[in-house]
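Listed next as structure tokens is one chain, alone, in the form predicted on its own.
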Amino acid sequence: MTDKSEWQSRVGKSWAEAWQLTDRSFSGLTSQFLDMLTGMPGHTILDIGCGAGELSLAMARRRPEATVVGVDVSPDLIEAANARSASHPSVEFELGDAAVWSRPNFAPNLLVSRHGVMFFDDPVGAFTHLHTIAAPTARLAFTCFRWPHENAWIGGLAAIKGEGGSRSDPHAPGPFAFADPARVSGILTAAGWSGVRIEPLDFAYVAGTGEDPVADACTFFHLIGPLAPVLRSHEGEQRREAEQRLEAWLRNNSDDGLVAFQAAAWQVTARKG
């Protein structure tokens, strides 16, 4: 489970410190998502859970006439996003929870998110609020992870942690809270959105590159993901053993200067009205 409080503290800080690495890990997904968004109208854009701002900035580059606002609960990520946006006056980043956030005279006609919607405590309430503040003809588009067993990287990390089995509550806020497409469709419909479409999107989750991609990937997983807090909490021999298992796993998944894993997402679209 990764809830709002974690994004406001430890997790958000880690992602802000390593935004170049997290952007890289999702680069294959981001490219496909942006291509799909090219066919969707919208000049007043809300980026939900914008993180360090990559999607917001990409949208601004592709739509120079648009106004783009990115919202995130993490002060560290918003600080990182603002530092990146100096040359993009049409983009603004604001600290806030998209589940309740609003701005006077701002009614987005395109609401987007790259893996930022799976952490709502009350998903129906959050998407109902977003439906309320959206323009009458607004479109919604977001990505989210599919099932854990379709994402090879999470299984490998779980094995290194010594975990097995499924989460006690698969619907708890976290990376895989929206893995069930029937649940996602039900949430959006209950919140008033119509024309829901959910399509698979596969990509390579890039963990390491460069002269020593294994070392690069080790650095990445020390900072980001479910293994990071475990490694921080371990000491001595226990930590060394976990790091050895991590390095061996990464070497088995290294090929031609790259450490990457199969990743599986949903691409979800809907409309208001």
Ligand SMILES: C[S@@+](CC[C@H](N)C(=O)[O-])C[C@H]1O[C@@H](n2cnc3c(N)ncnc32)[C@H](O)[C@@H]1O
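The numbering used is simple: start at 1 and walk along the sequence shown. Keep in mind that this is a model prediction, so the values were computed, not measured.
The discussion below concerns the form predicted in complex with the ligand, not included here.
- Using a 4.5 angstroms heavy atom cutoff to the ligand in the predicted complex, none of L110, F127 and I187 count as contacting.
- Annotated contact segment (heavy atom within 4.5 Å of the ligand in the predicted complex): 92-100, selected among 133-141, 151-159, 92-100, 188-196.
- Not displayed here, the ligand is kept clear of V68 by more than 4.5 Å at the level of heavy atoms in the predicted complex.
- Although the partner is absent here, F203 is not a contact residue: none of its heavy atoms lies within 4.5 angstroms of the ligand in the predicted complex.
- The ligand in the predicted complex is approached by G49, whose closest heavy atom lies within 4.5 angstroms of it.
- The ligand is not shown here, but in the predicted complex it comes within 4.5 Å of a heavy atom of D23.
- Contacts of stretch 138-160 with the ligand in the predicted complex, defined by any heavy atom lying within 4.5 Å, are made by none of its residues.
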